[in-house]
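Just so you know, structure 1 and structure 2 below are the same protein chain in two forms, each on its own as structure tokens.
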Structure 1
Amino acid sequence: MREKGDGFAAAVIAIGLLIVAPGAAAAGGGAAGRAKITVTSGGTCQGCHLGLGDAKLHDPAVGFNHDVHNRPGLGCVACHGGDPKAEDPEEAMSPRRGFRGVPKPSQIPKLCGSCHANSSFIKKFAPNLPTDQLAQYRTSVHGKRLAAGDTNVATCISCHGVHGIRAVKDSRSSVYPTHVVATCAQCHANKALMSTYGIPSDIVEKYKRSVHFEALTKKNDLSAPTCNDCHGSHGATPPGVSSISNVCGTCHVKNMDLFRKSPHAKAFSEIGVGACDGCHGHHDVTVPDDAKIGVGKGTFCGRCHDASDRGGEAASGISAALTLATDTVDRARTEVQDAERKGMLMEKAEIKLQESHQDLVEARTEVHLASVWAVTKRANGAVAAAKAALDAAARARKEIRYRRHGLLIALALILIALVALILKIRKIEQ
């Protein structure tokens, strides 16, 4: 507890700030001059704290000006209690007036839930905001460990922040899709902390090498999965082997349907291997390519099959079909683009290239069915469309040669005519 003189001085500063600039903290020397802050729901609490030199006491007042709770007028008292109208700090922070101070980690979920789990209250401010977050959190690994007395686990403020909390859809929020991995990394990339739970701390680094992270951060594809898309948000729990496939299947629906019809579905289940992660892995999911199909070194199929067994023969057949289709489509695309650079209109050929690309994509999807016939059927469609584009490119090359020959003949005739004209002029002059 501060001395009464200090409390009186702080109160004077606070009142002075409010008198000099009602609704705003005055810019000037010392801590109060760090930022121009609109004092709204924070009231006397915010005005007083802006005048303090200690960053731990000053900075929260600065951050709260942009807090999502500040907009509807939920001030400091909503979390800390006390009397924001009292000019004497000791009175404002008196337990008799309900002052709670800084809540302990174990108290955070219940404190946040006092509003966020109260449907009749929260609907006044955000009608579409879910009110089951607290119930979900209590079912999570974090919630269960906190209830057991472990205060090192994540609570509401670990992810959302404390003062200066942004709306989830705000791109500056710590829980915005592109920031989620960094937020989770605060704990899950901490080797010392994770070692106490027997959890690997390289998960974040693995995810950053994945195709999902690349799509999210480089292509700005906000639909690409990040931590909470697979593990959940408030009810976060590490998915087991059986549930990983269900998580993947929510996005990769067709791939999952095909796999369930394949001979691998039963075999993977019997040996306890996940449908998706058995081949693609967990966090470090890389771009799948045709080189992974077959029985050679570094292939998915080669982990279980060799060239002599039935599965290996199927893998080799699928690989051959995809290789033929890919090579044909690539060659057709090169020929068509070359014709276009030389000035030929190749609209019909472009349509065939699009058809071949679509068939090739579907052929690669059919791989999950593990059927040579299904993959070959789609691959043959890609080859047929690509050959049609190649034929169009061949006709274009023939037309180019014809035009070039015609141009040469025309130039030769013009040259002969010029020579004849020159000779005729000379004859006339003579």
Structure 2
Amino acid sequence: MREKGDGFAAAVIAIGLLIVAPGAAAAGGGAAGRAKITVTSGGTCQGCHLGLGDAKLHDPAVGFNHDVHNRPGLGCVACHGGDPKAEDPEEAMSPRRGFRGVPKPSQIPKLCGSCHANSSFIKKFAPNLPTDQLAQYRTSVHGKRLAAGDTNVATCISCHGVHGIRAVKDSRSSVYPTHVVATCAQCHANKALMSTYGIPSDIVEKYKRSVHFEALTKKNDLSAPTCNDCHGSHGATPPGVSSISNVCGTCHVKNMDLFRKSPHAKAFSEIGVGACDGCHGHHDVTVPDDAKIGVGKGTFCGRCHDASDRGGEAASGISAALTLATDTVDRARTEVQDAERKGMLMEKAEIKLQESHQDLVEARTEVHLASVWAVTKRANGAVAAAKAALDAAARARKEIRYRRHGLLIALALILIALVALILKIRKIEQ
């Protein structure tokens, strides 16, 4: 409703300005003879700017209609200063009335922070809104570089936009989980820009190939990480080697627990490799499978071990245990399904199949302990459950055979009785 009203007001102002003082509107000239500007939520500032032809002057006024700062009635003056009641542009935009003009990139964090780092002010409008963004921003690579005079980095408006800033939970916001990639990509996928800093520009491309991006965009799983979940939003720094396992571990708790108990925890930190990074990478994490274990081409373990060292031996042992379990479970599943198709009730076998599947899933997680013993223990559990299901399937096959024979005998008996009956009837007729 309000947007419509503003649009209408804008039309009235636009027409009024064109009729009464078209030159003045474009040039920002004197007030004499001007139509009265309808004051919108953005004061005379928005009222007049809505009627200006130049997109640079007009668009901010339009965008502000859905800006989060419009709702609590913080007008254009909240950021630009000036007098929002004055109809005369010279007066409205006079430095004497506090007009600051267009803020430079280097001034923006401080400008936004003037309110967002002021907790008593923010509390009046939004009691639960944190007020640490400026402080965090200053610790980030972005903030530190800006302070050193580099204006290529992200400031508050690079990520949030301006004149149309939305609440972060609004699905149309530029920082909503599904939009963050595009927001960071503005710069981090820019080859020319990134090469001047010597950091890769294919990060976005790689991330888009990851299981995380797929979960986020295809399965709409908002719990999958996007850029800011690993890097932070305001303290955007690369997680260093020591914190990498923490980053992944915030979500993959079990994997991290096992990794920490594994011989790799100490070994990786000694060779300067990040915990999960050493095997999975970080931006292009894909779905791993059993084929990654071993020392051959394309395996994780083969990157650092060969068949002759103890790590390589363990890799082969783990691989063998998982292969045996997978084969047994697969065979059991096929046979149980076959029996079901033939009409047998296989409830107990199904339970065993589920058990074996669960054991196999857990065996794959145990890989993170890098212990043959731990994986084999679980894998043997899977094999035992699968064997129970195989036994049930074998019993079912027997039962099917038995029933088939039974049916044949019954049919033969019926046939004999029928023939006897026919003979009897003929005899009576004769």
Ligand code: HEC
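Think of the rigid core as the biggest set of C-alphas that the two forms share within 1.5 Å after superposition. Residue positions are counted from 1 along structure 1's sequence. Since this is a predicted model, take the numbers as computed values, not measurements.
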Checklist entry - Any idea which of the pair is the form predicted on its own? => result 1
Next on the checklist: Superposing on the rigid core, I want to see if residue 389 changes position between structure 1 and structure 2 - specifically a Cα shift of 2 Å or more.
Outcome noted: yes
Next on the checklist: Tell me whether residue 190 is among the residues that move between structure 1 and structure 2 (Cα shift of 2 angstroms or more, core superposed).
Outcome noted: no
Checklist entry - Superposing on the rigid core, does the Cα of residue 334 end up 2 Å or more away between structure 1 and structure 2? => result yes
Checklist entry - In Å, how large is the C-alpha displacement of residue 352 between structure 1 and structure 2 after the rigid core is aligned? => result 3.5
Checklist entry - How much does the C-alpha of residue 413 move between structure 1 and structure 2, in Å, given a rigid core overlay? => result 9.2
